[in-house]
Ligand code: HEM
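Given next, in structure tokens, is a single chain: the form predicted on its own.
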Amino acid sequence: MTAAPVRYSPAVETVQPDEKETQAGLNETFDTILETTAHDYGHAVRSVHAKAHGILEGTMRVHEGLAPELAQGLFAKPGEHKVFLRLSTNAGDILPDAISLPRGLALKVLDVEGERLPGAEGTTQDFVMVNGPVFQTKTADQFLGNLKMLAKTTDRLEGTKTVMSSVLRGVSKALETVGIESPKLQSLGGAPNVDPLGQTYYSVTPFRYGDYIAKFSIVPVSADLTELEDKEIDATDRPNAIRETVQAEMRARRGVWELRVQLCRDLERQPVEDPTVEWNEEEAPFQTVATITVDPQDSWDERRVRAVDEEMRFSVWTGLAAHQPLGNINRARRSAYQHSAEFRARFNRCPIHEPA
């Protein structure tokens, strides 16, 4: 029998004394990436997930009859919301697609009612996810160490990066044959070059879920998407192969995803402060609370790309107080996301704003 979900209280978080110093270090290191790429491109891009592969517009339907522990925050009452989805790769520079890295999916839900997080403008709720269930480091200061190494490789020897990515993919596949997966190896370029439309995405870090605590996932469920789950994209001599593939596929496909919630049921086994720990689905099952539907469309429509990719930002700290980000990594993301968006707005002379 599944245990009852853990109730949220501020005591589930443990704030470390050096977090402000770590956040300042993250901003400084992100500045290195932002300034380098902006100088190269003559245009500022995101400090992470800089390259988008598709911008989609659709509808999210919150289900009726949810159990009380699931009917929380945004999902407290049934209804439909317009949504935007941004498919991306996690590097902070615009790399050729032959350099394969983990995929990202950012979801922006419009017209969301309720008390907002401090500083969260507008009436939207953002979800920022990747196609893996765990983060590569336990704490923000460990992530800062990794980021400093990555910042040194920004804008350096793309040909070498492409070769290294191919080598790391081979190592990753060799490890998988003996039942070992390496999130760190994949984050460095050893990820399979998969079709982003067939992937399951995870929030990785936990969030407040009204009276409870949860992680989120977005799972493809329509046949048009599930048949792409294991599809790998050949990006040889095609720097934008993923974008071109998604664009061709979405012209004729109807995408349906489920948004699922994984409620924390044991703080020891499903910790808040350690996102390197995967929450066991047998002990804490994912449960569907909403369905996202995207009809066939041009996934690289120029006007939509401009509105979403250039004029909006995605941040886990944009949304309802009922979905407050939790844990050390999420606390560090607040300043970093804001810092990156302000740099883009200032350099590009294009204000970042939430859709009305």
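Keep in mind that this is a model prediction, so the values were computed, not measured. Sequential numbering from 1, following the sequence displayed.
Same protein, other form: the form predicted in complex with this ligand, not shown, and the subject of what follows.
Asker: Could you work out which of Y202, F84, W279, W257 is the residue within 4.5 angstroms of this ligand in the predicted bound form, going by heavy atoms?
Answerer: By the 4.5 Å criterion, the partner-contacting residue is Y202.
Asker: Using a 4.5 Å cut on heavy atoms, which of I242, A140, I99, L263 is close to this ligand in the predicted bound form?
Answerer: Contact check passes for A140.
Asker: Tell me which of 47 to 55, 293 to 301, 318 to 326, 66 to 74 has residues with heavy atoms within 4.5 angstroms of this ligand in the predicted bound form?
Answerer: Looking at the other structure, the answer is 47 to 55.
Asker: Is there a non-hydrogen atom of A106 within 4.5 angstroms of a non-hydrogen atom of this ligand in the predicted bound form?
Answerer: A106: yes, in contact with this ligand in the predicted bound form.
Asker: Is the gap between F135 and this ligand in the predicted bound form 4.5 Å or less for some heavy atom pair?
Answerer: The answer is yes: F135 has a heavy atom within 4.5 Å of this ligand.
Asker: Looking at the partner-bound form in the predicted bound form, is A336 within 4.5 Å of this ligand by any heavy atom?
Answerer: Residue-level check for A336: yes, a contact with this ligand.
Asker: Can you tell me if V12 lies within 4.5 angstroms of this ligand in the predicted bound form, counting non-hydrogen atoms only?
Answerer: No.
Asker: Please state whether all three residues M129, A341 and R344 have a non-hydrogen atom within 4.5 angstroms of this ligand in the predicted bound form.
Answerer: Yes, the whole trio is in contact, each within 4.5 Å by some heavy atom.
Asker: Let me know which residues along 10 to 29 have a heavy atom within 4.5 Å of this ligand in the predicted bound form, or say none if there are none.
Answerer: The stretch touches the partner through L26 alone.
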